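In the form predicted alone, a lone chain appears below as C-alpha coordinates.
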Amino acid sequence: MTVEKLKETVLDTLKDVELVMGYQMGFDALHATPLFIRKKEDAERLIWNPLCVHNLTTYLPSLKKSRVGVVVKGCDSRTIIQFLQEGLITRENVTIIGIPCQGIISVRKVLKEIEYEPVEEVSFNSDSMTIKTLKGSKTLKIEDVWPDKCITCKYPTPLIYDYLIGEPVSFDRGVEVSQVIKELEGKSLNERLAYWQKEFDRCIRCYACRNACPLCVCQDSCIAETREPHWISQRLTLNEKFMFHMIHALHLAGRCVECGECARVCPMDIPVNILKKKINLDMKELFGYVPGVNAEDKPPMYTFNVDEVNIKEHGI
(Lines give C-alpha, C1' and ligand atoms only; values in the text may rest on other atoms or scores of the structure.)
Protein backbone atom coordinates (compact mmCIF):
# COMPACT_ATOMS: atom_id res chain seq x y z
CA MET A 1 0.00 0.00 0.00
CA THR A 2 2.88 2.32 0.83
CA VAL A 3 4.41 1.87 -2.63
CA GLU A 4 1.14 2.66 -4.41
CA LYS A 5 0.63 5.78 -2.29
CA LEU A 6 4.24 6.73 -2.94
CA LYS A 7 3.76 6.42 -6.71
CA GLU A 8 0.65 8.59 -6.56
CA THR A 9 2.48 11.25 -4.58
CA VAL A 10 5.50 11.18 -6.88
CA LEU A 11 3.31 11.58 -9.97
CA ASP A 12 1.51 14.49 -8.34
CA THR A 13 4.84 16.08 -7.40
CA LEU A 14 6.21 15.56 -10.89
CA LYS A 15 3.74 18.15 -12.21
CA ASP A 16 5.67 20.92 -10.44
CA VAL A 17 9.29 19.74 -10.52
CA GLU A 18 11.90 18.68 -13.06
CA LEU A 19 12.60 15.32 -11.43
CA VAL A 20 11.88 13.25 -8.34
CA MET A 21 14.50 11.05 -6.69
CA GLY A 22 13.37 7.68 -5.35
CA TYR A 23 14.48 4.05 -5.36
CA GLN A 24 14.40 1.17 -7.84
CA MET A 25 15.70 -2.39 -7.87
CA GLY A 26 19.43 -2.66 -8.53
CA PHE A 27 21.58 -5.23 -10.27
CA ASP A 28 20.28 -8.08 -8.09
CA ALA A 29 17.47 -8.79 -5.67
CA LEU A 30 19.48 -7.60 -2.65
CA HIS A 31 20.33 -4.14 -3.91
CA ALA A 32 18.29 -1.02 -4.55
CA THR A 33 19.65 1.96 -6.45
CA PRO A 34 18.62 5.62 -6.85
CA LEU A 35 15.89 6.29 -9.42
CA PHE A 36 15.62 9.67 -11.15
CA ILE A 37 12.03 10.10 -12.25
CA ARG A 38 11.43 12.59 -15.05
CA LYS A 39 8.33 11.13 -16.69
CA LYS A 40 5.30 9.11 -15.69
CA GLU A 41 6.69 5.80 -16.97
CA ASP A 42 9.74 6.09 -14.69
CA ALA A 43 7.52 6.00 -11.60
CA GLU A 44 6.48 2.43 -12.36
CA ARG A 45 9.96 1.30 -11.27
CA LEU A 46 9.59 2.84 -7.81
CA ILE A 47 10.08 0.57 -4.79
CA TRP A 48 10.04 1.03 -1.03
CA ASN A 49 11.43 -1.57 1.39
CA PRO A 50 14.41 -2.01 3.76
CA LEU A 51 16.74 -2.23 0.73
CA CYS A 52 16.33 1.54 0.22
CA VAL A 53 19.51 2.42 2.04
CA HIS A 54 20.90 5.40 0.10
CA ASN A 55 20.67 8.95 1.39
CA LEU A 56 19.25 10.55 -1.75
CA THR A 57 19.61 14.08 -0.38
CA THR A 58 23.30 13.86 -1.28
CA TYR A 59 22.36 15.04 -4.77
CA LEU A 60 20.44 18.15 -3.67
CA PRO A 61 23.28 20.73 -3.50
CA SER A 62 24.30 19.92 -7.09
CA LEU A 63 20.65 20.44 -8.14
CA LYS A 64 20.24 23.67 -6.20
CA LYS A 65 19.06 25.67 -9.21
CA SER A 66 16.43 23.10 -10.21
CA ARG A 67 13.05 22.28 -8.73
CA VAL A 68 13.25 18.69 -7.53
CA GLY A 69 11.45 16.18 -5.33
CA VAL A 70 13.14 13.66 -3.08
CA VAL A 71 12.04 10.63 -1.06
CA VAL A 72 13.53 10.66 2.45
CA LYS A 73 13.70 8.51 5.55
CA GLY A 74 13.98 10.05 9.00
CA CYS A 75 17.78 10.12 9.03
CA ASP A 76 17.86 11.53 5.49
CA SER A 77 15.57 14.39 6.48
CA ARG A 78 18.18 15.61 8.97
CA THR A 79 20.51 16.22 6.02
CA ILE A 80 17.96 18.52 4.42
CA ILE A 81 17.67 20.52 7.65
CA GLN A 82 21.44 20.84 7.79
CA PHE A 83 21.53 21.95 4.15
CA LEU A 84 18.97 24.64 4.94
CA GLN A 85 20.95 25.85 7.93
CA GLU A 86 24.05 26.21 5.76
CA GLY A 87 22.27 27.76 2.77
CA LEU A 88 23.23 24.86 0.51
CA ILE A 89 19.70 24.44 -0.90
CA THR A 90 16.60 26.57 -1.33
CA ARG A 91 13.54 25.25 0.49
CA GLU A 92 11.14 26.45 -2.20
CA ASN A 93 12.95 24.35 -4.81
CA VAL A 94 12.68 21.05 -2.92
CA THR A 95 9.55 18.97 -2.45
CA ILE A 96 10.14 16.47 0.35
CA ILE A 97 8.30 13.15 0.35
CA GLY A 98 8.85 11.61 3.76
CA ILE A 99 8.37 7.96 4.69
CA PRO A 100 8.47 6.79 8.34
CA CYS A 101 11.14 4.11 8.56
CA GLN A 102 11.20 0.93 10.66
CA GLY A 103 14.85 0.32 9.83
CA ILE A 104 16.84 -0.57 6.75
CA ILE A 105 19.27 -3.44 6.24
CA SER A 106 23.02 -3.66 6.08
CA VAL A 107 23.76 -5.49 2.84
CA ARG A 108 27.17 -6.37 4.28
CA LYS A 109 25.56 -8.10 7.28
CA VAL A 110 23.04 -9.96 5.10
CA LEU A 111 25.76 -11.26 2.77
CA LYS A 112 27.71 -12.53 5.76
CA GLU A 113 24.62 -14.38 7.01
CA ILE A 114 24.10 -16.12 3.66
CA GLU A 115 27.84 -16.85 3.26
CA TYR A 116 28.09 -14.54 0.24
CA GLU A 117 25.99 -16.79 -1.99
CA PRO A 118 24.46 -15.19 -5.13
CA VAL A 119 20.96 -13.90 -4.31
CA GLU A 120 18.05 -15.03 -6.45
CA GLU A 121 15.08 -13.55 -4.61
CA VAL A 122 14.31 -11.41 -1.55
CA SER A 123 10.95 -10.94 0.13
CA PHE A 124 9.88 -8.99 3.21
CA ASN A 125 7.17 -9.13 5.83
CA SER A 126 6.65 -6.81 8.78
CA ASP A 127 9.79 -7.73 10.74
CA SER A 128 11.79 -10.25 8.69
CA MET A 129 13.23 -10.94 5.29
CA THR A 130 13.67 -14.17 3.35
CA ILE A 131 16.61 -14.55 0.99
CA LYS A 132 16.62 -17.28 -1.64
CA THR A 133 20.02 -18.48 -2.92
CA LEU A 134 21.24 -21.50 -4.86
CA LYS A 135 21.68 -23.31 -1.54
CA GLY A 136 18.11 -22.65 -0.41
CA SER A 137 16.24 -20.00 1.56
CA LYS A 138 17.12 -18.26 4.79
CA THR A 139 14.89 -16.01 6.92
CA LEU A 140 16.44 -13.22 8.97
CA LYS A 141 14.95 -10.79 11.45
CA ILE A 142 15.45 -7.33 9.98
CA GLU A 143 16.63 -5.92 13.29
CA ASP A 144 19.44 -8.50 13.30
CA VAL A 145 20.85 -7.04 10.08
CA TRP A 146 20.33 -3.35 10.84
CA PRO A 147 23.27 -1.04 10.19
CA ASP A 148 24.64 0.64 13.30
CA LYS A 149 22.72 3.86 12.62
CA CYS A 150 19.36 2.08 12.93
CA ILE A 151 20.30 0.65 16.31
CA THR A 152 20.77 4.14 17.77
CA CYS A 153 18.18 5.97 15.63
CA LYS A 154 16.01 8.52 17.42
CA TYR A 155 14.31 10.00 14.35
CA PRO A 156 12.52 7.24 12.36
CA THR A 157 9.91 9.72 11.12
CA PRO A 158 11.18 12.53 8.86
CA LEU A 159 11.58 15.81 10.72
CA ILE A 160 10.72 17.90 7.67
CA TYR A 161 8.45 17.01 4.76
CA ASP A 162 5.76 18.25 2.37
CA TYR A 163 4.08 14.84 2.10
CA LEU A 164 4.21 11.98 4.59
CA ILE A 165 3.53 8.49 3.27
CA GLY A 166 2.14 6.42 6.13
CA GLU A 167 1.66 7.07 9.82
CA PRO A 168 4.45 8.58 11.94
CA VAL A 169 6.41 6.04 13.96
CA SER A 170 8.18 6.66 17.22
CA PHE A 171 10.38 4.26 19.10
CA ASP A 172 13.51 4.16 21.18
CA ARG A 173 15.59 1.03 20.95
CA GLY A 174 17.29 1.96 24.21
CA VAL A 175 20.77 2.20 22.74
CA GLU A 176 22.53 5.55 22.93
CA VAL A 177 25.37 6.60 20.66
CA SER A 178 27.42 7.18 23.82
CA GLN A 179 27.09 3.48 24.67
CA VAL A 180 28.59 2.58 21.30
CA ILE A 181 31.58 4.82 21.91
CA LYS A 182 31.98 4.12 25.63
CA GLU A 183 34.01 0.93 25.15
CA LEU A 184 36.55 2.70 22.96
CA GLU A 185 36.76 5.68 25.30
CA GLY A 186 37.46 3.30 28.16
CA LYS A 187 40.77 2.34 26.59
CA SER A 188 44.04 4.14 27.22
CA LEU A 189 45.40 6.64 24.70
CA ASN A 190 47.92 4.10 23.44
CA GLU A 191 45.19 1.46 23.05
CA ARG A 192 43.00 3.88 21.14
CA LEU A 193 45.89 4.84 18.91
CA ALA A 194 46.61 1.17 18.20
CA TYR A 195 42.93 0.60 17.37
CA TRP A 196 42.81 3.38 14.80
CA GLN A 197 46.21 2.49 13.37
CA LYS A 198 44.91 -1.01 12.72
CA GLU A 199 41.69 0.30 11.17
CA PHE A 200 43.24 3.02 9.02
CA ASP A 201 46.04 0.77 7.85
CA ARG A 202 43.41 -1.01 5.74
CA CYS A 203 42.30 2.23 4.08
CA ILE A 204 42.96 2.28 0.32
CA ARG A 205 42.16 6.00 0.02
CA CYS A 206 39.41 5.44 -2.50
CA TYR A 207 37.54 8.45 -1.00
CA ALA A 208 34.24 6.56 -1.11
CA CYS A 209 33.45 7.85 2.40
CA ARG A 210 33.97 11.43 1.25
CA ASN A 211 32.11 10.98 -2.03
CA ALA A 212 29.05 9.47 -0.34
CA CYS A 213 28.93 12.04 2.45
CA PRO A 214 26.11 14.54 1.80
CA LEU A 215 27.88 17.27 3.78
CA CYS A 216 31.21 16.95 1.92
CA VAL A 217 30.19 19.67 -0.52
CA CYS A 218 33.66 21.00 -1.43
CA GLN A 219 34.89 17.91 -3.26
CA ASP A 220 36.07 19.95 -6.26
CA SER A 221 38.64 21.60 -4.01
CA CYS A 222 39.08 18.85 -1.42
CA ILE A 223 42.18 19.20 0.73
CA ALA A 224 42.92 15.52 0.07
CA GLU A 225 43.62 16.21 -3.59
CA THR A 226 44.39 19.90 -4.02
CA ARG A 227 47.97 20.94 -4.78
CA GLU A 228 47.56 24.57 -3.74
CA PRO A 229 48.11 24.29 -0.84
CA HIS A 230 49.60 20.81 -0.93
CA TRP A 231 48.63 19.43 2.49
CA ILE A 232 48.48 15.71 1.74
CA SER A 233 50.35 13.51 -0.72
CA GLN A 234 48.84 10.50 -2.48
CA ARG A 235 51.19 8.09 -0.75
CA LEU A 236 49.55 5.16 1.04
CA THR A 237 51.41 5.68 4.29
CA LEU A 238 49.61 5.41 7.60
CA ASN A 239 50.39 9.06 8.39
CA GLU A 240 48.74 10.23 5.17
CA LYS A 241 45.68 8.06 5.84
CA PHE A 242 45.41 9.43 9.37
CA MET A 243 45.67 12.97 8.04
CA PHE A 244 42.85 12.47 5.55
CA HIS A 245 40.44 10.87 8.02
CA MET A 246 41.13 13.43 10.75
CA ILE A 247 40.49 16.30 8.34
CA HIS A 248 37.35 14.62 7.00
CA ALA A 249 35.97 14.14 10.53
CA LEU A 250 36.82 17.65 11.75
CA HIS A 251 35.33 19.29 8.67
CA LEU A 252 32.06 17.65 9.72
CA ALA A 253 32.16 18.96 13.30
CA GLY A 254 28.67 20.16 14.14
CA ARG A 255 27.47 19.10 10.68
CA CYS A 256 27.39 15.29 10.55
CA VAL A 257 23.79 14.01 10.68
CA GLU A 258 24.91 10.41 11.25
CA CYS A 259 23.28 9.08 8.09
CA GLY A 260 25.92 6.34 8.04
CA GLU A 261 26.76 6.64 4.35
CA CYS A 262 30.51 6.88 5.00
CA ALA A 263 30.61 3.54 6.82
CA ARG A 264 28.16 1.89 4.42
CA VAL A 265 30.22 2.53 1.31
CA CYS A 266 33.66 1.79 2.77
CA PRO A 267 34.99 -1.25 0.86
CA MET A 268 37.36 -2.06 3.72
CA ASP A 269 34.63 -2.01 6.40
CA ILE A 270 36.36 0.70 8.45
CA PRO A 271 34.03 2.22 11.09
CA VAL A 272 34.80 5.80 10.04
CA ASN A 273 31.41 6.94 11.37
CA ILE A 274 32.61 6.42 14.95
CA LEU A 275 34.86 9.48 14.65
CA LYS A 276 31.95 11.65 13.57
CA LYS A 277 29.70 10.27 16.33
CA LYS A 278 32.33 11.09 18.94
CA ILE A 279 32.64 14.66 17.66
CA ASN A 280 28.83 14.97 17.68
CA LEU A 281 28.77 13.96 21.34
CA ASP A 282 31.30 16.68 22.10
CA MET A 283 29.27 19.26 20.15
CA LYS A 284 26.19 18.35 22.16
CA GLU A 285 28.06 18.59 25.45
CA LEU A 286 29.84 21.85 24.64
CA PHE A 287 27.20 23.69 22.63
CA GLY A 288 23.93 21.83 23.28
CA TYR A 289 23.64 21.27 19.54
CA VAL A 290 22.47 18.23 17.54
CA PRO A 291 22.97 18.53 13.74
CA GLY A 292 19.97 18.36 11.43
CA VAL A 293 17.18 18.51 14.01
CA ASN A 294 15.94 22.11 13.98
CA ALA A 295 16.16 24.28 10.85
CA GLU A 296 16.05 27.42 13.02
CA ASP A 297 19.24 26.49 14.86
CA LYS A 298 22.60 27.88 13.78
CA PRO A 299 25.51 25.43 13.71
CA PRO A 300 28.10 26.23 16.41
CA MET A 301 30.88 26.59 13.83
CA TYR A 302 28.84 29.36 12.16
CA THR A 303 28.84 31.50 15.28
CA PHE A 304 31.35 33.19 17.54
CA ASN A 305 31.10 34.08 21.18
CA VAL A 306 33.89 35.60 23.22
CA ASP A 307 32.94 33.26 26.05
CA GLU A 308 31.22 29.92 25.54
CA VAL A 309 29.06 28.85 28.48
CA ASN A 310 30.44 25.31 28.63
CA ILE A 311 34.06 26.04 27.66
CA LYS A 312 36.22 27.52 30.39
CA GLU A 313 39.20 28.35 28.19
CA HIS A 314 40.23 31.33 30.29
CA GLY A 315 40.60 29.09 33.28
CA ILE A 316 42.97 26.68 31.56
Partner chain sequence: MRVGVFICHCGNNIAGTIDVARVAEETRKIPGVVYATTYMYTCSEPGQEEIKEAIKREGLDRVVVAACSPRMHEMTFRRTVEKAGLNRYFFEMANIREHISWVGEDKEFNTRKAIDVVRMAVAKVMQNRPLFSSSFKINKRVLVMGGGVAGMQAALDCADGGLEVVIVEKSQSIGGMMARLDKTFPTIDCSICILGPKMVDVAQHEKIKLYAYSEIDEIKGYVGNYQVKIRKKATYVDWSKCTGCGACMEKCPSKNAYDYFNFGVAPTKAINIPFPQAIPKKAKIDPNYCRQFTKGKCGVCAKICPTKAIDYEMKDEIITEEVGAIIVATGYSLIDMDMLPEYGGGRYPDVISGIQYERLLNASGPTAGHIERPSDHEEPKTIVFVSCAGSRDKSIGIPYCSNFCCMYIAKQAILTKDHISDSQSYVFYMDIRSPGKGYDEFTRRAQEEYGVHYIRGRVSRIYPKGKKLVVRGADTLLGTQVEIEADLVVLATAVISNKDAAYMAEKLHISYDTFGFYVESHPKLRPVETNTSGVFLAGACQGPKDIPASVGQGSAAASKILALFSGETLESDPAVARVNINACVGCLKCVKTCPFGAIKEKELRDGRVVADVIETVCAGCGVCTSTCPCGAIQLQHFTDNQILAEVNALCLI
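Please read all numbers here as calculations on a predicted model, not as lab measurements. Residue numbers count along the first chain shown, from 1.
There is another form of the same protein, the form predicted together with its partner chain; it is not shown, and what comes next is about it.
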Quick one: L6, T9 and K141 and its partner chain in the predicted complex, is every residue within 4.5 Å by at least one heavy atom? no
In the predicted complex, which of the stretches 129-137, 83-91, 165-173, 151-159 has residues with heavy atoms within 4.5 Å of its partner chain? 83-91
Contact with its partner chain in the predicted complex for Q234, defined as at least one heavy atom pair within 4.5 Å: yes or no? no
Does at least one non-hydrogen atom of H230 fall within 4.5 angstroms of its partner chain in the predicted complex? yes
Although its partner chain is absent from this view, report whether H54 comes within 4.5 Å of it in the predicted complex, heavy atoms only. no
Does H251 reach its partner chain in the predicted complex if we count a contact as any heavy atom within 4.5 Å? yes
For the heavy atom contacts within 4.5 Å of its partner chain in the predicted complex, list the residues of 187-221 involved, in sequence order. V217, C218, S221
